[in-house]
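Single chain ahead, by itself, as structure tokens, in the form predicted alone.
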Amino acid sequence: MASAPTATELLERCERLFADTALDAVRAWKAAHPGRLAIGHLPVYAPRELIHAAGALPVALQGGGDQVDIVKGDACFQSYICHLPRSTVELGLTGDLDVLDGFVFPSTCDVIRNLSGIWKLLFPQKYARFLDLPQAFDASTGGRFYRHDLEELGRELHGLGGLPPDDGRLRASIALYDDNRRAIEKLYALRRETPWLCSSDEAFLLVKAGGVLDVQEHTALLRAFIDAAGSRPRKREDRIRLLLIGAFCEQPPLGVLRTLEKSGAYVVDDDLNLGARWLEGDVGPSQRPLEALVRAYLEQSTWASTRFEHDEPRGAQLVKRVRRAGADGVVFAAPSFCDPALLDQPPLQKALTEAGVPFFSFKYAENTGQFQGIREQAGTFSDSLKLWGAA
């Protein structure tokens, strides 16, 4: 009988998947499932349950990180926007994304909307859909609108060659993703309670692996790591506890996350890979699963700069999140030119100041190569909290 994989072995696999910009893992899945579709989706949220119910593999695209040299992608966009669309186009033009049968572009911001249009111009032979998400959060308007949007997406996926996402298939897919969300939440609970057993870059890799794996395989991987983490030979260190906010779309390089932890901090919560954690709690079984999925978006969507502020000011929500994570402070880490994150910072910082929560901020790009300045800033912040607390 084969022994259970160690935490190190599982993380090594996740790092290989992270470096897999050519999506070889997706190619292997399609080879093992002839005739099935692979549908890419851009950050932040996408209805993965519906894509899965159509018999397709949802593939989370988050650009090329610091592994892709941008040549052709820069020709498609102005210089004063974030880096993510450039590397996404670069991967498309170099053929790395040819394995995908279509793309869903959720309405995150104007940049993603523009990327959707440019994608259709560059790849007219590929299915592409811009998915408008509701900004009204009552069932009679936003719910009705979103249900129609999802019904149309389901019909289009079926027409593309997918299975009809009927109630039975959708109900089964929702159950699988509920299980996956529970495993991710257990991983984050491990970080909050024993952050020395799972660093922020490790949690990032573990969750990001779900972007290219079948949902059941990803859930099994997460649970195997959680089981193995307790035997890691790591000791608790005297570090501050940080909440990282602003990295919900374009993801920072691994070096940024490792730099923060080397500066004397445990990053105990974040908004990395936010699409995988978008719905808080289970969608649950329902005789009308599409309605349940719509209701979950309206009532269980997480706090995010890309979501309309309808129920409670974002500043108050952030303070609650700080308290829930037991964080000593907040680090605002936003991609350069990210309007949703950067426009939110002033009111969020005001709310933290009024609540007595210290913070600092920096900007990054997915291909950032210099981390020394970030390390010095984070280290100074860490030392000041250890010496003088919130003062």
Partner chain sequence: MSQPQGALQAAAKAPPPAAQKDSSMERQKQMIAGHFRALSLAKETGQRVAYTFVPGNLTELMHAFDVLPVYPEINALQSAMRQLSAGYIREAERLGHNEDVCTYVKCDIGMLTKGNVGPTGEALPPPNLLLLSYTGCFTFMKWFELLKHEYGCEVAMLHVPYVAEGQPTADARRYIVDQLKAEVIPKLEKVTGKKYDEGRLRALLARSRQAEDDLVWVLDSAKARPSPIDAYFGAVYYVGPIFSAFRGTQDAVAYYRELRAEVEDRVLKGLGPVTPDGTLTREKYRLVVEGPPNWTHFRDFWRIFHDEGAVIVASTYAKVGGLYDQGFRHGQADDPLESLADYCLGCYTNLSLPSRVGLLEKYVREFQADGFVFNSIKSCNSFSAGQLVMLRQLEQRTGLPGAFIESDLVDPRYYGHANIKNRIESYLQMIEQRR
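The shown structure was predicted, so the numbers you read here are calculated from the model rather than taken from an experiment. Numbering follows the first chain given and starts at 1.
This protein has a second form, the form predicted in complex with the partner chain, left out of what is shown; the following refers to that one.
A.B. asks: With the partner chain left out here, work out from 234-242, 270-278, 78-86, 202-210 which stretch has heavy atoms within 4.5 Å of it in the predicted complex.
C.D. replies: Residues of 78-86 come within 4.5 Å of the partner.
A.B. asks: Mark P134 yes when one of its heavy atoms lies within 4.5 Å of a heavy atom of the partner chain in the predicted complex, and no otherwise.
C.D. replies: P134: contacts the partner chain in the predicted complex.
A.B. asks: So, in the predicted complex, is P340 in contact with the partner chain at a 4.5 angstroms heavy atom limit?
C.D. replies: Yes, P340 lies within 4.5 Å of the partner chain in the predicted complex.
A.B. asks: Indicate whether the partner chain has at least one heavy atom within 4.5 Å of a heavy atom of T108 in the predicted complex.
C.D. replies: So T108 counts as contacting the partner chain.
A.B. asks: Can T141 be called a contact residue for the partner chain in the predicted complex at 4.5 Å between heavy atoms?
C.D. replies: Looking in the predicted complex, residue contacts with the partner chain include T141, since a heavy atom lies within 4.5 Å.
A.B. asks: Select from the listed residues S173, T306, T259, Q251 the one whose heavy atoms reach within 4.5 Å of the partner chain in the predicted complex.
C.D. replies: When the partner chain is considered in the predicted complex, the option within 4.5 Å is T306.
A.B. asks: Looking at H148, K320, R155, K186, which has any heavy atom no more than 4.5 Å from the partner chain in the predicted complex?
C.D. replies: Among H148, K320, R155, K186, a heavy atom within 4.5 Å of the partner chain in the predicted complex occurs only for H148.
A.B. asks: Can you name the residues of 103-127 that have a heavy atom within 4.5 Å of the partner chain in the predicted complex?
C.D. replies: If the 4.5 Å heavy-atom criterion is applied to the partner chain in the predicted complex, 103-127 yields T108, C109, D110, V111, R113, N114, S116, G117, I118, K120, L121, L122.
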